[in-house]
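In the form predicted on its own, a lone chain appears below as structure tokens.
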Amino acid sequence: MQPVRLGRGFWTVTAILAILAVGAIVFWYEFPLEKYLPEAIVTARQVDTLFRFMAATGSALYIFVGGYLLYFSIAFRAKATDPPDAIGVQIHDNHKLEFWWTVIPALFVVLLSIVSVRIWYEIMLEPENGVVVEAIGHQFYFSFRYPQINGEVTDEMHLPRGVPVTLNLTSADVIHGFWVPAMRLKNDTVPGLVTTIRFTPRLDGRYRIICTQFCGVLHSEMDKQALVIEEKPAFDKWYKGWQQRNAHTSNALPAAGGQAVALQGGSAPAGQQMFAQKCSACHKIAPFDEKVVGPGLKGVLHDPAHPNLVNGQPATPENVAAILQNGYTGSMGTMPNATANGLSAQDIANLVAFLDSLK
């Protein structure tokens, strides 16, 4: 067989595609993305850097692949003079070509991994101290809980500019998705679980909050609430206003003085089943030191080596019930409250009975 020559047309097309690819790369790195989608938090810039990198390289790759497909389909098309049984050019075992189409994508994946991990690392290292807020998904709205504000804030989520924020996410009913496009960060809210996003607001403004998981017939209505980033004095004024507004509101957690659960009639077998459904993702039936997220709970009410619970209270059935009812946030993380976990008073009594049976 005669060797296939690419000819001058191939190199001309390659030069044109290279110019177009460079133009696409320059476009994505110069495009004023923040003009159309503000960078509301510090790490939004890092996410935009990753987006620009992926958009630039993806566009360049598409230009070359699409351009070559179009060129080869024209350059090696069937001619009117070809016999009916003619077949196209057959190329086999081109080791150089196989080497480069393996090495170039592999190098690209490695480079993309390095850039992604570095940006992910910066996001995960966001400061933990500052404001702690809990966002809870409902059908069909988000509610927000702040320390020292009774009940829930149900209209907007306010945050002070320049102050690190720890946002704990959970759901009271079904899976929702908490997304603020201007933050570039998103996380699902899952019943019985608490997920966390850490960030530092940097740009004053009002930014739409959107639910990104189909959660029922009015899912499309879950885009009416807003994240408000403002200066610290304005945030303090808003915060004080909600404290006064909810001063006599019962706490929905109930995190402050809710009626204690009656533990009489708790069933250990029912509690064991409930533990497997609600608690096993974070706790083992094992000694205290064998942690998953929280500590092991075997003998939690009878282990002399650990006379106190994680909140420093004595290990009594009543205090365990209080943690199950009210939740707790400490060095090991956040224990969801009964509302987030979907626990009734009887469920709590059953769980305490089961834990009390573990000697």
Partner chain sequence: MAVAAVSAGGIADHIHPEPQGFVRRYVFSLDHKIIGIQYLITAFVFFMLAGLLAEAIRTQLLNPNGGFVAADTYNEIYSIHGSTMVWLVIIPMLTGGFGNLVFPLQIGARDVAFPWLNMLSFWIFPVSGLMLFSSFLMGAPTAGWMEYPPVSLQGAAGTSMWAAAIFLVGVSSTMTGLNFLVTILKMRAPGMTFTRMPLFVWGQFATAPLLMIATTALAAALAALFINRVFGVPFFDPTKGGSPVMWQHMFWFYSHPAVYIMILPAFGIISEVLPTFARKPIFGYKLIAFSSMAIALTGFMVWAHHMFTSGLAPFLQLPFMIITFVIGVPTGIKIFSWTATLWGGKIHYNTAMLFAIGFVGLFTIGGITGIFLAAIPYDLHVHGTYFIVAHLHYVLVGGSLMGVFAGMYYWFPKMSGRVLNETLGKLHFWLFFIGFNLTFLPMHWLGIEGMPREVATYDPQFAFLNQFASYASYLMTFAILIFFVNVIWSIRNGKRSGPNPWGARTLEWQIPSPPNYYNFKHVPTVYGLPYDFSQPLPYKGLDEELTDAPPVAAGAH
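Take the two forms, find the largest set of C-alpha atoms that superpose within 1.5 Å, and that set is the rigid core. Numbering follows the first chain given and starts at 1. These figures come from a predicted structure and were not determined experimentally.
Keep in mind that the form predicted in complex with the partner chain is not shown, yet the notes after this line are about it.
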Option touching the partner chain, based on a heavy atom within 4.5 Å in the predicted complex, out of 125, 247, 91, 276:
91
Of these, 154, 280, 116, 243, which has a heavy atom no more than 4.5 Å from the partner chain in the predicted complex?
116
Among 104-112, 160-168, 228-236, 141-149, the stretch whose residues bring a heavy atom within 4.5 Å of the partner chain in the predicted complex is 104-112
Give a yes/no on whether residue 322 approaches the partner chain to within 4.5 Å in the predicted complex, heavy atoms considered.
no
Heavy atom to heavy atom, is residue 221 within 4.5 Å of the partner chain in the predicted complex?
yes
Proximity of residue 175 to the partner chain in the predicted complex, heavy atoms at 4.5 Å:
yes
In the predicted complex, is there a heavy atom of the partner chain that lies within 4.5 Å of any heavy atom of residue 136, even though the partner is absent here?
no
Partner contacts for 179-193, taking the partner chain in the predicted complex and a 4.5 Å heavy atom cut-off:
179, 181, 184, 185, 186, 187, 188, 190, 191, 193
Core-aligned CA displacement of residue 129 at least 2 Å between this form and the one not shown:
no
Can we say the CA of residue 86 moves by at least 2 Å between this form and the one not shown when the core is superposed?
yes
Per the comparison in the predicted complex, the residue 323 and residue 191 C-alpha atoms (change 3 Å or more) are positioned closer
Since the CA distance of residue 323 and residue 165 differs by 3 Å or more in the predicted complex, is it closer or farther than in the form displayed?
farther
